[in-house]
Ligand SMILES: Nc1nc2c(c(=O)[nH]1)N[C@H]1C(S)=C(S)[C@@H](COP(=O)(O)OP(=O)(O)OC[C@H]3O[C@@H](n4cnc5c(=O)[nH]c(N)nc54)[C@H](O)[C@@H]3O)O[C@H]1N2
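The chain below stands alone and is given in structure tokens; this is the form predicted alone.
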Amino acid sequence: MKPVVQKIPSPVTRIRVGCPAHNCGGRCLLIAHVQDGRIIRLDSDDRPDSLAAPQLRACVRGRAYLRRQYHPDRLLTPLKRTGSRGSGQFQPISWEQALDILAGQILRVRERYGSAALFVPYGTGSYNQVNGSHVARRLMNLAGGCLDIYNSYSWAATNLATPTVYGTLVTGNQRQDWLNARYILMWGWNPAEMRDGTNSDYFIRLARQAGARVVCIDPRHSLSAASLADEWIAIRPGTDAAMMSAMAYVMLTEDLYDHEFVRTHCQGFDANQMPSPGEESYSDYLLGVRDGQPKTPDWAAEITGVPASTIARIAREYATTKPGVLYQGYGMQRRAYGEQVVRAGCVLAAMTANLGVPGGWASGLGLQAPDGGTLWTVFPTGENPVRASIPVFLWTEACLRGKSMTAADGVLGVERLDADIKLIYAVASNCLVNQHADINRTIPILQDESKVEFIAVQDQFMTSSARFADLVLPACTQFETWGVEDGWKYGDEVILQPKLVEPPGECRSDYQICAELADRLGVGPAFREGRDERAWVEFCLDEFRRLRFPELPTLDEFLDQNLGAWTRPAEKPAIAFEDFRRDPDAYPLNTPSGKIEIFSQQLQDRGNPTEIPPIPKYIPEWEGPMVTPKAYPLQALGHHSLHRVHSTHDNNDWLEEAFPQRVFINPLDAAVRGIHDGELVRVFNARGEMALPCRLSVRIMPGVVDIPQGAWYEPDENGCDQGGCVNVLTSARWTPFAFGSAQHTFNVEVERFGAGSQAGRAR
């Protein structure tokens, strides 16, 4: 009998690595335990911890990443469509065939329609420097260009509205300064779930421990409201600008605003500050001089559902408990007139002089002082020969009517587009179907091969977008290739992502795929510049060092010392607008007046005062409590859940178990519909319908339901979504100034399927 030989396990190597960057709103550090070419465990940051340089602690999504990394449904080979678009019918093909097909289609479309007919959509499914959609954009730019994009799905209105007030997006102090605040308004802001900078929730907790009062204003009693706030104020979605206007009214009529600061640092507050005589000032609007309606707390209470006494109290607290932070979340600007709430929040900060001082906050986008806090992309995408650019949210319009789109549709760079979109190359993006609005409108556009003639999707799973592709290319995860990332919106950090394991099957990195396409398009040497992924990481580190961090370690130092991440400590937190606050004449803002523009001549010149007023106003939404059709009486939300990063992780079974997809409904709304907790319900409007379990909760205000966004679209044979994808219900209308997503403005009805019904979503 032969002796049994026991194999001695290989040693386990612990490697610090950046959490795969799927644009969750943070940048964290993991410790990967690698054994025999496989990651067997993930821990989080173990480095020394301090206030100036806190650990980059991963959330539950990063800690559960192995369930995604080794998921049995990973794409392993290139696929070519055999059935109709959306049928899910594909056959495996070789990489040589796949790359030849895609390169041939790019050349064909360019020859027939011009380069502006080619399109790389917005996508953040891989968001480090050497992977993701910007790698494809570099390829396209070198090979003749493609239709360009600007803005984002996340914060389009904030991104364009903030500069109309301040002339910059750098409106935030470094977060360590929050500990100097005495009052913090978390307005529609949920860092405990969506992050908005690693450790933002931690800094709020420290500020509260240091004595700051924290108030959360949100239709939901979110995890942030539960864990970070002293008070939760429920407000009807889309009415935040009304409450802000009423707060400003209280400050004006009770003489609580900072007269001197407004006089010396602002434009447009009253008749004495108007750049255009005879135009409506902000004071005129608040007092109802032109429209006959003073913006009193009683007026706002009827609109918002917040008691008038509460509105007045919050106004007094914010105006007198200084310094104070009014931090705006992004969900409330992904609405019908999202620009207004952004500008209204900035004006409250200006009226109370809560900017340019320790413990204050100017509101708006809030990139951190002194330089914005991030370089976004240092990987060079090159100059695009195509001058035309469209808002990211309007790509379906460019498929339908590109040749008729002009500046009135947000087109930049040219008077009119000269082509419709005819080829889409989607890299690390689920925005073709799942994350774009009004899925039942989008799908026919994608199915019509006379409109979009070719679609390629590069991803790790057969997503709902990939199902509508002609060609699907299997991509590596960030653990299977090299990458590097910085601190997203906040934090002076650089985080290395070394290659840890080999990819499964025939998966290739985004960079490798694009490099081989570049060979076929005749620009291979220009694309590579003699570098592989590791060498490009070294290049990016050199760029970080040149542009922001001269003390940054080299790649060899990162690897030899197993650093994982490097942080520049914030020993003395930077304060946005500090110089402007001290001397506005010597340090003017980058606005036409050099001051804070409560009245914006730029907006006045748009000639659309009803939807783009020059001063911030509350404008009733096109769907909402003031205009709700009787058939769809419930306002709906789609918040960012800890289950997913947008749509990434929806198939992660651990996260599904912890955060199952449900519609949250207040017991009062459920009672009148005969709905019981846990029942399968139908959620619907004129755009679509879904079936999913319900959760009765007093943590959502009456009249509002919440369907966490990002669930994968899974229609049954009747077109009823069984996955709970909120975008079967959302509207494809956009905001009037930024041309941004207004996907949070939609109404629904909910009805029961019957007692004992079970959810169709199975894992």
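Residue numbers here begin at 1 and follow the sequence given. Just so we're clear, the structure is a prediction, and the values are computed from it rather than from any experiment.
Quick note: we don't show the form predicted in complex with the named molecule, though the next part is all about it.
Trainee: Against the named molecule in the predicted bound form, would Asn652 count as a contact residue? Criterion: heavy atoms within 4.5 Å.
Mentor: Although the named molecule is absent here, Asn652 would stay clear of it in the predicted bound form, with no heavy atoms inside 4.5 Å.
Trainee: How about Ala475 - does it come within 4.5 Å of the named molecule in the predicted bound form, if we only consider non-hydrogen atoms?
Mentor: Because a heavy atom of Ala475 falls inside 4.5 Å of the named molecule in the predicted bound form, the answer is yes.
Trainee: Hey, in the predicted bound form, is Gly125 touching the named molecule, heavy atoms inside 4.5 Å?
Mentor: Flag for Gly125 set to yes.
Trainee: Can you tell me whether Arg644 touches the named molecule? I mean in the predicted bound form, with a 4.5 angstroms heavy atom cut-off.
Mentor: Flag for Arg644 set to yes.
Trainee: Among the candidate residues Arg467, Arg343, His639, Arg137, which is the single one with a non-hydrogen atom no more than 4.5 Å from the named molecule in the predicted bound form?
Mentor: The residue from Arg467, Arg343, His639, Arg137 that makes the contact is His639.
Trainee: Though the named molecule is not shown, can you say which of Gly483, Pro237, Pro616, Gly338 has a heavy atom within 4.5 Å of it in the predicted bound form?
Mentor: Result of the distance check: Pro237.
Trainee: Look at the candidate spot formed by Arg334, Gln435 and His744 and say whether the named molecule comes within 4.5 Å of a heavy atom in all three of them in the predicted bound form.
Mentor: Looking in the predicted bound form, the three residues Arg334, Gln435 and His744 all sit within 4.5 Å of the named molecule (heavy atoms).
Trainee: Using a 4.5 Å heavy atom cut-off, indicate which stretch of 216-224, 375-383, 574-582, 99-107 touches the named molecule in the predicted bound form.
Mentor: Contact criterion met by 216-224 only.
Trainee: Which residues, if any, of 721-737 lie within 4.5 Å of the named molecule in the predicted bound form when only heavy atoms count?
Mentor: The stretch touches the partner through Val726, Asn727, Thr730.
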